[in-house]
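What follows is one chain in structure tokens, specifically the form predicted alone.
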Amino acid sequence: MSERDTFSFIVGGRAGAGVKKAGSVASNLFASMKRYVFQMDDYQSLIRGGHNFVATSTSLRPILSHYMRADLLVALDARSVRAHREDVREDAVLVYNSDEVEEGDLPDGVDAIGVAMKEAAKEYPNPELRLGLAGPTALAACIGLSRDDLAELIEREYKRDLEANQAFADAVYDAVSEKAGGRFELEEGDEERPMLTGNEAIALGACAAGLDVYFAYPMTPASTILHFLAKHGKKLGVTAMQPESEIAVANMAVGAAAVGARAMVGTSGGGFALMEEAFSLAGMAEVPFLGVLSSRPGPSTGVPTYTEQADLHFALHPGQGDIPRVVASPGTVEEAYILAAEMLALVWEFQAQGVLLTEKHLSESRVTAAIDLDSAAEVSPVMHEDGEYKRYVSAENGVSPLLFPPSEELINWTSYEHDESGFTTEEAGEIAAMHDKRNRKTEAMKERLKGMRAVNRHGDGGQVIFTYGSTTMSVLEALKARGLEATVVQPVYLKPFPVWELDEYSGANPIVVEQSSTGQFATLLRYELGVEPSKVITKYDGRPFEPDDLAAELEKAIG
């Protein structure tokens, strides 16, 4: 290994060649060595063809991003070599499919090992899919795993058609071991940790808080929340449902909550746009509503399988009219677990409407995570106890007690402006009184957030860097990569904005790092804090920040 304290592995090939599986197997192998892992999947919106790759980085220390400068690159086709020519380090090893790659395509100064992968795979059924097995096999050879260890790995990870898999892997292993066997020595860590994606952490956090039902129509990059809860729902005590559209999703969530079921929905920007009418309904009816908005580049269909933070302004202002919204964005997978539980608890405590805002980079990246399962908040709504029930009775904090069927009391939930009993009204005094009642929830939520962790601070260097969401991981890893000192300020809650914790920065000229072309987060900071950034570093090509590249930009900005 080189001076860098991380090891990076990239495997690339066509969709349908088992690339994602190969990356996951590599990550599992690193995790079994008790090392920290960060896995980033890059894939096009195609079932077959195109170019997919997985970048997995590992270290003995906590690692918060993948690195694109690979120590080992396995290219299953010619396009992968061309796409990643600049993504290999000087001392890297490149294992390539010699049946497709010409020597003229190979980068200079790299130890390149050609393996006739396609020819070897033809001897077995489903040869195209079997190509992906070359990725973890080459990795096993380069880090010095024995053939017996490799056999155990394949038996664990590639159980179907095991005999053919073993034979194909042996051929690749022998070819790579001859020239690069044991090239990279990876030390074992001190503790084995589970691996989770951000979406899995969100699902588990919501379940820990008391989630009853999850509604979603598949939309990348939020879809895997639905997949995870559909697969594990019985064990977790949650029902996962896929209605016919995002409109149906949101309306069913409103209906479920109105009878006492703790509901959550998930989608991306285009789907959430369709949910706005139901979001407004929930605002008037004071129905607890939590939506997970996992951003991708937009507008409209955008780029479905990539990442961006351009839904920030949209997430802060969904629905029409004055609604007491709460919006938060997790910066790590561990925080995604905690925040999903907190947000579900908050929307039920205040009968408010909430958005858990994240991005593909956190939703789908798979990392070793140390989650404290007991750290999750629990839903504890204010319930009616005795006497005459008025659904919207006035309260100091704006929160009226709840009551659900099969009570014999009259329970009115309505989308029309109403009086305390829930009967429709157009009387001026009653309209204003209900506005005041709902608005008091915002002030009450601010007081509640003052007792919570609404802002994270990392480091204590002189330069202040503001960021939020998954970009926090990129910034922290970039600082580590270059040994830079700074104070990283990450607002976790974005609405109500925690100005009470950030007033000290009102006169600062921070660096702002975000993934939107127009600097939406910088605009929010100007509006809420009156700060004028000294530099806004943006990236909006659908790819997350790469630590080495971001470190170079930060170094120039810090001066």
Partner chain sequence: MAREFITEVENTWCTGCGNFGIMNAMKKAVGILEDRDIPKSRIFMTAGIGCHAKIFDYMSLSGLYSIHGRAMATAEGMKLGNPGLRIVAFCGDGDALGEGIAHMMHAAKRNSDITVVMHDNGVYALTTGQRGPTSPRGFKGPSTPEGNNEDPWKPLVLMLEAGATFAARGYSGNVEQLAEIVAAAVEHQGFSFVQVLQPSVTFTNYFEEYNEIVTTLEEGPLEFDEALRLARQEEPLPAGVFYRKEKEPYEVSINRGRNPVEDRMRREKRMKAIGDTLGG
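These numbers come from a predicted model, not from an experiment. Numbering follows the first chain given and starts at 1.
One more form of this protein, predicted in complex with its partner chain, exists but is not displayed; see below.
S.K.: How about residue 406: is it within 4.5 Å of its partner chain in the predicted bound form, going by heavy atoms?
M.R.: Contact with its partner chain, yes.
S.K.: In the predicted bound form, does residue 374 have a heavy atom within 4.5 Å of its partner chain?
M.R.: Yes - in the predicted bound form, heavy atoms of residue 374 and its partner chain come within 4.5 Å of each other.
S.K.: Looking in the predicted bound form, any heavy atom of residue 258 within 4.5 Å of its partner chain?
M.R.: Contact with its partner chain, yes.
S.K.: Spell out, yes or no, whether the shortest heavy atom distance between residue 262 and its partner chain in the predicted bound form is within 4.5 Å.
M.R.: Yes, contact at 4.5 Å.
S.K.: Among 281-289, 97-105, 306-314, 321-329, which stretch has residues whose heavy atoms lie within 4.5 Å of its partner chain in the predicted bound form?
M.R.: Within 4.5 Å of the partner lies stretch 281-289.
S.K.: If the cut-off is 4.5 angstroms on heavy atoms, which of these, 254, 476, 338, 486, is the one near its partner chain in the predicted bound form?
M.R.: Selected residue: 254.
S.K.: Give me the residue from 232, 390, 458, 453 that has a heavy atom within 4.5 Å of its partner chain in the predicted bound form.
M.R.: Residue within 4.5 Å of the partner: 232.
S.K.: Would its partner chain in the predicted bound form be within 4.5 angstroms of a non-hydrogen atom of every residue among 497, 533 and 555?
M.R.: No.
S.K.: So which bits of 478-501 sit within 4.5 Å of its partner chain in the predicted bound form, heavy atoms only?
M.R.: Nothing in the stretch sits within 4.5 Å of the partner.
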